[in-house]
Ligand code: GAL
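One chain follows as structure tokens, the form predicted on its own.
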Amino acid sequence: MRATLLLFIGYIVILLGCEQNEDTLPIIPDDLPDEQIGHDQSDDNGSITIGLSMDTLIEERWKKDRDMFKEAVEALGAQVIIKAANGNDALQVTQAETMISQGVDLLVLVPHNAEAAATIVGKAQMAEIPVISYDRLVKNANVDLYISFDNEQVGMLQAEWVTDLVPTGKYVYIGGAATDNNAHLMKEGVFSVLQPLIEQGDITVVYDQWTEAWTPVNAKRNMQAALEANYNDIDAVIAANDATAGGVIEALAEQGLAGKIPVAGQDAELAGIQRVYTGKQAMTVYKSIRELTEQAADIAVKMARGEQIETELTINNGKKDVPTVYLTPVPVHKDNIYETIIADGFHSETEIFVDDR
């Protein structure tokens, strides 16, 4: 019996010894929930390793964030580990815990849930690892720095553009995910523009709903409900991003209304820009992902090396005034695609200008 037990233990030890170190695993395809890009920290000779915990890679823009952030970090001589939870709060916590246990020097966090992600910040703090809140602010947590675009301004740009096109009438607002602080900020920006017009009686918001998980299918359901409730009598739609705008436009197309009712979006996703070019979408708001990733990478590496970062702005997240870096969004419409999206290399001319979109 003892010999059998010793043989079994020996077998387990051999198996454990043959396991791959997680840091040496190859890149996992985008459609899987857990992605890692990095190197074996045991061979890094003291170099900086940045962890990037992402909510999702389902939407096109987040793949650009991932790739450009990785490129920017490595250009600064540091390494990066990247994991994506694809909308699963528990998985994001687990992935972040793994990176913390691996000893990353700093964690960059794109939270799925602004409140739930506070757990991640707390665990990083216990390990004395600084945390940067990337693009979305983590609420009620001791975040070291927040970098994003002015999301209230995003909403204002959307509303200003649409109200210039349709100064009176019935409006629909299709928001983002209620769990995302950015969705709330954008809505505040939208309604800061709409409210005076509402009070004057020029505009009536006949439907206003959040979109669970930011998905086009949920946005489409919301828009179908808005059309049904108003017998298709709607004059304009403001959608929180291009993915939700795509769902909205699908619902409008089913009623023969695509291109007839102005729809605003944001993120300048390829499909969104194609719709802007063909007139199915009125505008989008471009947030330069390259500018965001390069600044975030620069700040992350500096902070990981112990440098102090001073900002002119702070944003209160419910727990503290978080040092904040805000970048400026840009409205994009059919007439300025060249000088914005194409000039910045975000999408190419051949990608955008296609037929039958």
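Don't overthink the numbering: it's just position in the shown sequence, from 1. All of these numbers come straight from a predicted model, not from anything done at the bench.
Beyond the structure shown, there is the form predicted in complex with beta-D-galactopyranose, which is absent from this document and is the topic of what follows.
Student: Is this site open or blocked for beta-D-galactopyranose? Place it by superposing the surrounding C-alphas onto its pose in the predicted bound form, then apply the 2.4 Å backbone/C-beta contact test with a threshold of 3 atoms.
Tutor: Open pocket: the modelled ligand, placed by site superposition, has no clash at the 2.4 Å cut-off.
Student: Between 95, 241, 158, 211, only one gets a heavy atom within 4.5 angstroms of beta-D-galactopyranose in the predicted bound form; which residue is that?
Tutor: Of the candidates 95, 241, 158, 211, 241 is the one lying within 4.5 Å of beta-D-galactopyranose in the predicted bound form.
Student: Just to confirm, with a 4.5 Å cut-off on non-hydrogen atoms, which of 203, 186, 138, 276 contacts beta-D-galactopyranose in the predicted bound form?
Tutor: Flagged contact: 186.
Student: In the predicted bound form, which of the stretches 119 to 127, 101 to 109, 246 to 254, 263 to 271 has residues with heavy atoms within 4.5 Å of beta-D-galactopyranose?
Tutor: Only one stretch qualifies here: 263 to 271.
Student: Even though the partner isn't displayed, in the predicted bound form is residue 220 close enough to beta-D-galactopyranose, meaning a heavy atom within 4.5 Å?
Tutor: Result no; residue 220 lies far from beta-D-galactopyranose in the predicted bound form.
Student: Do residue 281 and beta-D-galactopyranose share at least one heavy atom pair within 4.5 Å in the predicted bound form?
Tutor: Heavy-atom contact with beta-D-galactopyranose at 4.5 Å: absent for residue 281.
Student: Is there a heavy atom of residue 294 no more than 4.5 Å from a heavy atom of beta-D-galactopyranose in the predicted bound form?
Tutor: Contact with beta-D-galactopyranose, no.
Student: Since only the chain is shown here, I'm wondering whether residue 61 would be in contact with beta-D-galactopyranose in the predicted bound form (any heavy atom pair within 4.5 Å).
Tutor: Residue 61: yes, in contact with beta-D-galactopyranose in the predicted bound form.
Student: Let me know which residues along 311 to 333 have a heavy atom within 4.5 Å of beta-D-galactopyranose in the predicted bound form, or say none if there are none.
Tutor: Nothing in this stretch is in contact.
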